[in-house]
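Let's start with one chain on its own, the form predicted on its own, as structure tokens.
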């Protein structure tokens, strides 16, 4: 029987899936999963995702050496080391360090997927690496789009379509959201950056003056690291 390859278009729909039956890929292109992939590639020992700002602060009390990263509505939470920009996750800043991270969308999607067989992080930065690994798992796959405040968004769905493009010739049974995501990718694949200029999240980030983040997050295959959740910590997958 074919394995399932499905797309959850927003965390608001995740209760419709038995996540414990899937390997889950968390997708939050602008910007959490892009930043996580970049940070792990650049030698971060671990990135610890938490749902709430208060949980970040609690970690700091026990581990004063940890870096704290918190973003809400696209901006750094006051008093934290940094937020959600991939440029905060350079080798100079994160190599050998543990970072505790909370974001508006990405870490919420991850929290809701916590019962999955395995959770990995996907972005355009590690697209081919994560797809190559997914082909080896032999498991049902669920691509979870973080969206924006539990609503659908274009960029996460388009990335899900890019993953499906690489996997669809395998023995997978696609659901309708997966087919729709791949159709969307066919529309945008020839110029992803131009296609995603129309997104509402892109507009929000532009208003914050961080267009460079948007451009960076749409670079394809600049990293090979696949962050995987183990013991509530995102570390580099070894396989």
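Quick caveat: nothing in here was measured; it's all calculated off a predicted structure. Positions refer to the first chain, counted from 1.
What comes next is about the form predicted together with another copy of the chain, which does not appear here.
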Can you tell me if residue 195 lies within 4.5 angstroms of another copy of the chain in the predicted complex, counting non-hydrogen atoms only?
yes
Answer with yes or no whether residue 111 is in contact with another copy of the chain in the predicted complex, where contact means some heavy atom within 4.5 Å.
no
Residue 150 versus another copy of the chain, in the predicted complex: is there a non-hydrogen atom within 4.5 Å?
yes
Give a yes or no for residue 100: in the predicted complex, does one of its heavy atoms lie within 4.5 Å of a heavy atom belonging to another copy of the chain?
no
Please identify the residue among 212, 54, 61, 183 with any heavy atom within 4.5 Å of another copy of the chain in the predicted complex.
183
Contact residue in the predicted complex, from 154, 119, 167, 94 (heavy atom within 4.5 Å of another copy of the chain):
154
Kindly confirm or deny that 83, 104 and 228 each have some heavy atom within 4.5 angstroms of another copy of the chain in the predicted complex.
no
Pick from 121 to 129, 159 to 167, 75 to 83, 142 to 150: which stretch has non-hydrogen atoms within 4.5 Å of another copy of the chain in the predicted complex?
142 to 150
